[in-house]
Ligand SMILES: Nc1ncnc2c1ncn2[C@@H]1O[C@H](COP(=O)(O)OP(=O)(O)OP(=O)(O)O)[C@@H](O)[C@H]1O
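Quick setup: one chain, the form predicted on its own, written in structure tokens, and binding and motion questions come after.
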């Protein structure tokens, strides 16, 4: 039973690194055998003979990089809380760690340090329970491309225990709300534009009515009208279905009008956190009312989207 005063999400000092050398399998096996036999001296000596500890780091606790690689710290000691029924935004340039953070929160990656709890449940120790409470939409959502939206949605719904008949009714209602053409419901996904596929990804997440929804750039590739439809549906999910939403986005207007609070991420660290109004008060006016983009540029000195990424935008082939 989830208490009403339990925060939806608590992120405490999490760190996620890539290209860290792991402990060789033979060393793990040796240590396991020695622990079973009640001795650990050999395992300790084997692990330390090259100056390495049991976790792939050096003896002073510093992580060791894979051969020929450099350690990348994608998320660097990040902490924040999200309250129930809050829409919480995470902004940052490409490579700032937004998607890695979402993957950690959704149990797809384990943090190297720190803890994450979803309604009091640890994403590491109680991952199966957490998965029943959450759903995730990513900008690169995967589908069975030969199947239709209907078939993909029904398959996803059954994984969450939703019956086929119930899922079919809900799926059609959601797709209609998102502006997807009715006759495209049974067309193969591979024949649909990126924008239309993204609508199906959003519908698949909404279908299970999660109480924590993680949206990783969900409106990328959508035309302006579709963006408004998605934003309206996000508010409805929060207001009607008591859901909590965490969203990453490159759209400053979307973040401003949709989010209750916003965290700005840069090089894996949170450089600012507050309501849109509070963040805009921190920006220099320079003769005009500051925007979130002004705040972002002053804090990071970077563009939100690199110019080459603009070529990824593909409007719907058929506008709803």
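Residue numbers count along the first chain shown, from 1. Values in this document were obtained by computation on a predicted structure and should not be read as measured data.
The protein also exists as the form predicted in complex with the ligand; that form is not presented, and the subsequent description refers to it.
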item: 81, 89 and 244 all contacting the ligand in the predicted bound form, non-hydrogen atom within 4.5 Å; value: no
item: Position in contact with the ligand when the complex is considered in the predicted bound form, options 250, 238, 131, 194, heavy atoms within 4.5 Å; value: 250
item: Residue among 74, 137, 178, 167 with a heavy atom within 4.5 Å of the ligand in the predicted bound form; value: 74
item: 4.5 Å heavy atom contact, residue 99 to the ligand in the predicted bound form; value: yes
item: is_contact(residue 156, the ligand) in the predicted bound form, heavy atom dist at most 4.5 Å; value: no
item: Residue 95, heavy atom within 4.5 angstroms of the ligand in the predicted bound form; value: yes
item: Residue 9: touches the ligand in the predicted bound form, heavy atom cutoff 4.5 angstroms; value: no
item: Answer range among 99 to 107, 229 to 237, 116 to 124, 169 to 177 for contact with the ligand, defined in the predicted bound form as heavy atoms within 4.5 Å; value: 99 to 107
